[in-house]
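What follows is a single chain, given as structure tokens, in the form predicted alone.
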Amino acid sequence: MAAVQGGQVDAVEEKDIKTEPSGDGFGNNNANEGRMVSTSPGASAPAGSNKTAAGAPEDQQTLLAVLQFLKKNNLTESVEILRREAGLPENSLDPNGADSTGAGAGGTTGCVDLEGGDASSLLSRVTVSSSAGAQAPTKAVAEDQPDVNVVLSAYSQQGDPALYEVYYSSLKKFIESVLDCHRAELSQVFYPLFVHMYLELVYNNHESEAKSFFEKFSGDQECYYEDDLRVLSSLTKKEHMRGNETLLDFRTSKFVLRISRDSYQLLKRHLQERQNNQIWNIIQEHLYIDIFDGMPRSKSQIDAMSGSLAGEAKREANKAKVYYGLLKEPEIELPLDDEDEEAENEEGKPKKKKPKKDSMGSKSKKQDPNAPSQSRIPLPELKDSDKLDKIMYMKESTKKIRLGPDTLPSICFYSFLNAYQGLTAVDFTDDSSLIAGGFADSTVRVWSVTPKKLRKVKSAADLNLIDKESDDVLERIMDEKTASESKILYGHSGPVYGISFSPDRNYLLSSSEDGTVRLWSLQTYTCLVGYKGHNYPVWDTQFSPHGYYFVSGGHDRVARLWATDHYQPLRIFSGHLADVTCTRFHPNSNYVATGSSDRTIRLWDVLNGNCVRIFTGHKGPIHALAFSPNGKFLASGATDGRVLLWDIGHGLMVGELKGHTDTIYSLRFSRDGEILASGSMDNTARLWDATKAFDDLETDDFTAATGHVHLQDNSQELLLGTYMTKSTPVIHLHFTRRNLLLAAGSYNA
């Protein structure tokens, strides 16, 4: 996280940052290195040294600028500390480091923040989970943030702002002249450099130069940055930047580039020879160069992984161990009747004769080495009704159709007609007996898709008259007078964007623009709890496969983990640079995946709240996620119309499915994981051969170490079928327990 916003002030205070000798004198980072900033192409101050390199004239000038600024703000103690630290005489201007907490005194922890409270408050707000250590939390000058940027960036300028075009053109000319194998890699620096140089010009009130710079070079950027450039083009004055969170994120988050050592050495040598300090400062301050040894990547390999708001993910971000295996199914002891016993024995599943012990499909008799321990996170105990449901699930599974390229599922489409309330979300229960819709008029509607009607529980007075010992007590407590095919749930005060049934079908979650998540009882059809934590619209919510826990994600750029019996969130997952648009639980409930408008997917560990995977490659906001039933793979869909496949264990992209022409809003694997279904705003549902997509994988150690992904262009081979609706976007897909595919959407007349 670059603490300094505007240029080459790093020499003063970046003493505390850990380095790893990379042998290039530039102090740039190798793969496993943290945050590294050096001074200028000539020399970098050795990390951990307690003396700042204040000898060079430009360093002295910068130091004096910082001291002037601190003195002006009456930070006398800080001034004194920095002055002594830099070994300046008392009659010179005064000294300080980042703040009054002593960060100026030789190498504390984390990033030293030269902008005082401004950047540290930003950092704590923006990327809590990714900050390197103890941030200096002074907020004294938070309101003056643009002025601080101007003060510091003004001193960092190397001459005339008109030279920015010369610097950029010179670099462009150099990169276009290098060998093809290096050109693709080095071209990655164009976009972040272009943005930061433009912002620096605007910050310093060089409006005409900024406009000229933008017009001259914006056309050279990759097409997938079009939307970002459109936003950037509207920022023509310093005043426009106040409160622009996306911009602040771009300034404070390091843009990650993955470059081979050979390509990096070429770039370094060029900037050294040309004394191009302006560009080098930006590279050092705002870019994180993840250097790897080996062959440079090709253009197609780079394009596959790029496109997110902050570049690619650092390789170290995907190194943590992920327990992606499934939990061992509980052994159920329930006496079954003779007919069941016969059927069960045909399957060969029970372990004992009398009290039936069933290991639920017998898939996991031995503990999967990649599975988390049963007690890693506390999971709810199975109630008797859950056990009965599992028995029913197992019976239905025996009649499940084995899908494949030759046996595609039947598809049943539920069209919402005359949905003038604006259908915004759909969900089915796991047993496919209920369907719920969230609407823009702030209502939630629930329908029965079986002949059985929906009934409420009787009133308390009537319940007292019931014989509680009778066998059919569960039927008797329902009020037949309330029977109907659908129910409407009122409570939200804004459009409902996400809904999710609990696994036991007793509850329904809904999330809304009003900033709340509501829990509804499907016995009484009333709201039980309103969970308040998000301050802005909540775009999605989902129950854990084991119930009890649920996750929500919204416009405030964080996802929250909740338990139904706690009104405060248990975990806050912070790290995305834009809205969290979709959320999904891993089948073992130990992890949560979130997709965002920052065009990345993150995998979070429920146990400790850490981000354990960052996946980049989509070129637009992500709207659909699905885990494979075995927990090893993740599929994602976005506004770019592509479905990307990810290997969770290795942290790699392993496939790309192209065919949709509009945003993908729904993804679902069949019950056995053989087929992946995708639904899109292009009014089609498509079926893909998931087995073939994952069987052809080569995830060796080298691929994992370098991130060299070889994606086959085999979408047409993997596409098993395309099913068009007349005029209905497919916003939800669901496989029944027997592998029939249900789809839903609102008919657009």
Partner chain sequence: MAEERRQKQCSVVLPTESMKAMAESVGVGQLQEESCAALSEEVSYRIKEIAQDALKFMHHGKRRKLTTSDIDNALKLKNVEPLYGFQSQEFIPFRFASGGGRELHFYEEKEVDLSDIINTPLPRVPLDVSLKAHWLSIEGVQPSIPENPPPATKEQQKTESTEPLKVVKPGQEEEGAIQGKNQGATAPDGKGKEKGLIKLKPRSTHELSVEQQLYYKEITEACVGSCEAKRAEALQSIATDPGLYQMLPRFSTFISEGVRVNVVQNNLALLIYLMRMVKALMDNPTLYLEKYLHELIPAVVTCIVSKQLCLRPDVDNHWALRDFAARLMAQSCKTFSTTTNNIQSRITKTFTKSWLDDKTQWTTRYGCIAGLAELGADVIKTLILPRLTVEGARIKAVMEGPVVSNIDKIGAEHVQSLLLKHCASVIAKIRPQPDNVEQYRTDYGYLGPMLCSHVMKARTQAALQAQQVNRTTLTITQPRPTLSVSQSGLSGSTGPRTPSIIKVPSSLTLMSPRPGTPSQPSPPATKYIVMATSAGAASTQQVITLSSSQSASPVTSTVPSATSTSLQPLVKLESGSGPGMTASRPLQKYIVVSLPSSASSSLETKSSVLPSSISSTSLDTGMKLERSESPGASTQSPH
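Everything numeric here is computed off the predicted structure, so don't read it as measured data. Positions refer to the first chain, counted from 1.
Just so it is clear, the following notes concern the form predicted in complex with its partner chain, a form of the same protein that is not shown.
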Q) Should residue 716 be classed as touching its partner chain in the predicted bound form when contacts are defined as heavy atoms within 4.5 Å? A) yes
Q) Using heavy atoms and a 4.5 Å limit, would one call residue 520 a contact residue for its partner chain in the predicted bound form? A) no
Q) residue 65: heavy atom within 4.5 Å of its partner chain in the predicted bound form? A) no
Q) Would residue 723 show up as a contact with its partner chain in the predicted bound form if we use heavy atoms at 4.5 Å? A) yes
(Q) 236, 537 and 661 - do all three of these have some heavy atom no more than 4.5 Å from its partner chain in the predicted bound form? (A) yes
Q.
Counting any non-hydrogen atom inside 4.5 Å, which residue from 452, 402, 216, 383 sits next to its partner chain in the predicted bound form?
A. 216
Q. Which residue, 183, 445, 315, 395, has a heavy atom that falls within 4.5 Å of its partner chain in the predicted bound form?
A. 445
Q: Have a look at 175-183, 414-422, 453-461, 608-616 and name the one stretch with heavy atoms inside 4.5 Å of its partner chain in the predicted bound form.
A: 414-422
Q. Though the partner is not shown here, which residues of 548-564 have a heavy atom within 4.5 Å of its partner chain in the predicted bound form?
A. 555
